[in-house]
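Presented below, as structure tokens, is a lone chain in the form predicted on its own.
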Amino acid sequence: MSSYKKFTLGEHLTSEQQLFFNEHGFIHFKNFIKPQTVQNIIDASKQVQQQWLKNVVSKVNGVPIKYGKDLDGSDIVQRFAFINQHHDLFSGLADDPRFETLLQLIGPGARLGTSEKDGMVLNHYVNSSQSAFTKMGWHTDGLRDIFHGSRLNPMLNVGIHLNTLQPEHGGLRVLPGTHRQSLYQMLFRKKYFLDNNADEREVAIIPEAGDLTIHDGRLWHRVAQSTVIGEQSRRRVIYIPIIAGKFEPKHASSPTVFYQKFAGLVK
């Protein structure tokens, strides 16, 4: 599967869209948000960044914040957790009624996890000698439930892409169909986060700014490092979980989950 079909999100999921997602564990929708909205989101993230740098914010609701260096050596936030709780634009984005359509991929009981897991996350990648966040090794998002000591509940990760990418810019890579694997394969198919090697079966997700993607939390995926450096390597993406099961909101006194204590080891 070297390439894949891209769709347009309407008021309802079509049977073709549902079948594609069920088979492959991911789906790509074009033009979810407009170019001006993309720019507004980037500007808002810079405002949050300025506040967090000023206030030396290390965690939000128990989730460590990842900092790094920009191309000019200045400090930047490279992974924002619960950013929807720190700017009205992001909380408003989560209220978009089209997310109700996406809940159909799980079915009854599904919700947007803006106050659970890591909330709405914004990742900011840039490939330079000083960056602390250029790639992420193979993993599944479902591992979080196991570390929380709970059963493996349905979970999807919705990505809103803020940059137009080509394969050389790196980005999301998925192993189609692995959302239907056994628990053993989900745990041991690859070395979590340590393995970032390309897989002959992987599919590169190549978005344009404003596109939306969804992948199943059980699907093996990674974030490939850009092969270009400098400003051309810059990419930002928002992730929001769609979840089901017990409602487990986080708050300011929430503990840091075990695996997140080692976040600094993960590029």
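The first residue of the sequence shown is number 1, and the count goes up from there. None of the values given here were measured: they were computed from a predicted structure.
There is another form of the same protein, the form predicted together with a small molecule; it is not shown, and what comes next is about it.
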Just to be sure I understand the contacts: of 209, 60, 242, 223, which is the one whose heavy atoms reach within 4.5 angstroms of the small molecule in the model of the complex?
223
Listed residue (139, 86, 169, 179) with a non-hydrogen atom within 4.5 angstroms of the small molecule in the model of the complex
139
Given a 4.5 Å cut-off on heavy atoms, tell me which of 196 to 204, 28 to 36, 43 to 51, 230 to 238 is the interface stretch with the small molecule in the model of the complex.
230 to 238
Residue 190, heavy atom within 4.5 angstroms of the small molecule in the model of the complex
no
Residue 91, heavy atom within 4.5 angstroms of the small molecule in the model of the complex
no
Report whether the minimum heavy atom distance between residue 125 and the small molecule in the model of the complex is within 4.5 Å.
yes
